[in-house]
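So here's one chain in two forms, each on its own in structure tokens, numbered structure 1 and structure 2.
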Structure 1
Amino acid sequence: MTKVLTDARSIRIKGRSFLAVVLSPDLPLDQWLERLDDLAARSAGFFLDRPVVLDVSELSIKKAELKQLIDDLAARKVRIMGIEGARPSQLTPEMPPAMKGGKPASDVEVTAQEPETEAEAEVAAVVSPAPQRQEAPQVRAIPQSLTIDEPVRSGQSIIFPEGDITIVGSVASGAEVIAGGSIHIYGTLRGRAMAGSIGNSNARIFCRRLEAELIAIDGIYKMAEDMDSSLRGHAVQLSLEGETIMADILF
């Protein structure tokens, strides 16, 4: 039994992952900024063009101090794309947005380039539009899989752009699973599942029981209310044919 779930004019929502540089300042801030200046002097333009996340989870400072810190960084041409670990009371709407759920990656190395003279280095840091910098470390692209042995709880996201995800358990309402490849759920899918999230139209979603809030393959998505009600509660396989999500009831 195969049902057509999508019309041809769906909107595509794609995932994109970047490797961000994380700055975790410590107190006192003026000393930390001094060390940052020192680093910038040795590696001109390191922060230019890089997504930078400010991690303040270990830092107990007030809203005004956080704002000052962001300004101090801006004055050094370090633009913050998001803030991690802040309390809501520390944030204002003008600040970069709060971010969470980031996955740790290996340390980013800063290559020291010996400046000829101090003055020259400073110019390089401020002016150089195409800074010399080390290539961002590559996330290895060999096909991989991730197996999760417990239920995915409401509010949790499992994100694995590198390959398939297998969940031995259920995915709760308000939880999400995002895979570069296929998604296998040996339990009930109540939350969201997004397969082929970095552009893979061959990815599929399997679940032992479909109660999903949202499913997506390669950016083509379907909300709960758009799904055929006869699929609910069944073991289902979802795949993409052209721009159309197809659903098969398994056994």
Structure 2
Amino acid sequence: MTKVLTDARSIRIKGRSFLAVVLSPDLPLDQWLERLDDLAARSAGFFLDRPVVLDVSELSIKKAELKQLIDDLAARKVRIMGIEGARPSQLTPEMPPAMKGGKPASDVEVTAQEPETEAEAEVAAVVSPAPQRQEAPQVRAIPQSLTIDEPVRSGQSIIFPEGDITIVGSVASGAEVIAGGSIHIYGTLRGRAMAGSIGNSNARIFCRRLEAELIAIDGIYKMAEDMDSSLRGHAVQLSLEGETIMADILF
């Protein structure tokens, strides 16, 4: 006998993942905050409506210092959704919750057989179907590249942590492209491009014409005024060596 586990009072629970910015402060904190202010001043709206995780795993600070850091970030309109690497004794109930286990998206995902009825679909996140003895789980490869066949307009955000992004067109000022892998732009890069966003130091940025507001690879960034003026207007390849962004003019 099949028993329906949902009724009109059921609550639908869904799983969903979001790409969060991870801030990893270093000491002394006042100097780090100054550099953060510099980034925010030169890239307006960078933290606006963006989920942010505070990673303090490499900091030796006391509870009061951690609370002050969170307050200092809040004053800068940087809202922390969670804290990673903090000891339980450092956290208080009014602080953001502790987080752990953050990692890049996997290359494959195992999915169970799709439910056939709406009632089954609503409980699928809670009740796992019994495994079939002679059927292997379905394995679906996650796409490792994303192609956008049009320009990226101001205010748009293209985020693809699973791999490379290719833009067939330009990226306007005020737009941003964030990739877990490399970024290829067959047009002018006027906005922000952040490659290797989940910890890939081998990621690169390619564009036919460099006019960027900000570029970043594996968390190392440069603003427009920090770039060599001789690179602007050229087709370039950007890569990371240690903690230095290297640029090669292609033609």
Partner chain sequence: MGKVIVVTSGKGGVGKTTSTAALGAALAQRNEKVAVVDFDVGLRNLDLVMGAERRVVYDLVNVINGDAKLPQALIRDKRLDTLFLLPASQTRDKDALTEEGVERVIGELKRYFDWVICDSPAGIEKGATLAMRHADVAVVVTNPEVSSVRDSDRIIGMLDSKTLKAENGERMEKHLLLTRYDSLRAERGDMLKVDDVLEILSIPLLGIIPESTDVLKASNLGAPVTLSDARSAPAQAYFEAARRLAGEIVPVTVPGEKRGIFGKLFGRKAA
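Since this is a predicted model, take the numbers as computed values, not measurements. Throughout, rigid core stands for the largest set of C-alpha atoms superposing within 1.5 Å between the two forms. Residue indices: 1-based, along structure 1.
The form predicted together with the partner chain appears here as structure 1. Positional change of Q68 between structure 1 and structure 2 reaches 2 Å or more at the C-alpha, relative to the superposed core. Once both forms are fitted on their core, the CA shift for L214 between structure 1 and structure 2 remains under 2 Å. Superposition on the rigid core between structure 1 and structure 2 places the CA atom of G85 2 Å or more away from its counterpart. When the core is overlaid, the C-alpha of Q31 ends up 51.2 Å from its other position between structure 1 and structure 2.
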